[in-house]
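What follows is one chain in structure tokens, specifically the form predicted alone.
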């Protein structure tokens, strides 16, 4: 009975921390959008679940058909989810430890290679 209680409490505590950590490092612009209550994406759960397919679809349209839009662009994702170092005013790379993309991919155990070609920080002109 004690083992069952320990397992139950462990699951309960870990799920609470998982929920608290869900938006821990969303990115500066994304955090301000969330606080304002504005809805930017269809649903965060859809984006979490479908973002590889959405980006792949976008990639195929861009590369094969030459169609470039801002919807589901990786450039847009980086611009919204990037953080700045408050001391030196430089961007952190979104693929570095402790940043949005890296943390989410680490949590689900999926590697990503988007940033072997794409920028990990936005250009100043995009913000």
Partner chain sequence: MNKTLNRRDFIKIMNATTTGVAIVASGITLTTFASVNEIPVTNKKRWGLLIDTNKLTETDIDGMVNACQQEQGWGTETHSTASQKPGWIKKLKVKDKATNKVSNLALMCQHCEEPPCVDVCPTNASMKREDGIVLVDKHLCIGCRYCMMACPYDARSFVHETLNNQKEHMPRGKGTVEACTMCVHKIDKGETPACVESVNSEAVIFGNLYDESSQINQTLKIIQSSQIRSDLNLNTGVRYSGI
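Numbering follows the first chain given and starts at 1. Given the structure is predicted, the values throughout are model-derived calculations rather than measurements.
Keep in mind that the form predicted in complex with the partner chain is not shown, yet the notes after this line are about it.
Chemist: Just to be sure I understand the contacts: of 35, 39, 67, 46, which is the one whose heavy atoms reach within 4.5 angstroms of the partner chain in the predicted complex?
Modeler: Comparing distances to the partner chain in the predicted complex, the residue within 4.5 Å is 67.
Chemist: Though only this chain appears here, would residue 119 touch the partner chain in the predicted complex if you measure heavy atom gaps against 4.5 Å?
Modeler: Looking in the predicted complex, residue contacts with the partner chain include residue 119, since a heavy atom lies within 4.5 Å.
Chemist: Does any heavy atom of residue 59 come within 4.5 Å of a heavy atom of the partner chain in the predicted complex?
Modeler: Yes, residue 59 is a contact residue.
Chemist: Decide whether residue 75 counts as a contact residue for the partner chain in the predicted complex under a heavy atom distance cut-off of 4.5 Å.
Modeler: Residue 75: yes, in contact with the partner chain in the predicted complex.
Chemist: Which of 67-75, 97-105, 26-34, 81-89 has heavy atoms within 4.5 Å of the partner chain in the predicted complex?
Modeler: Within 4.5 Å of the partner lies stretch 67-75.
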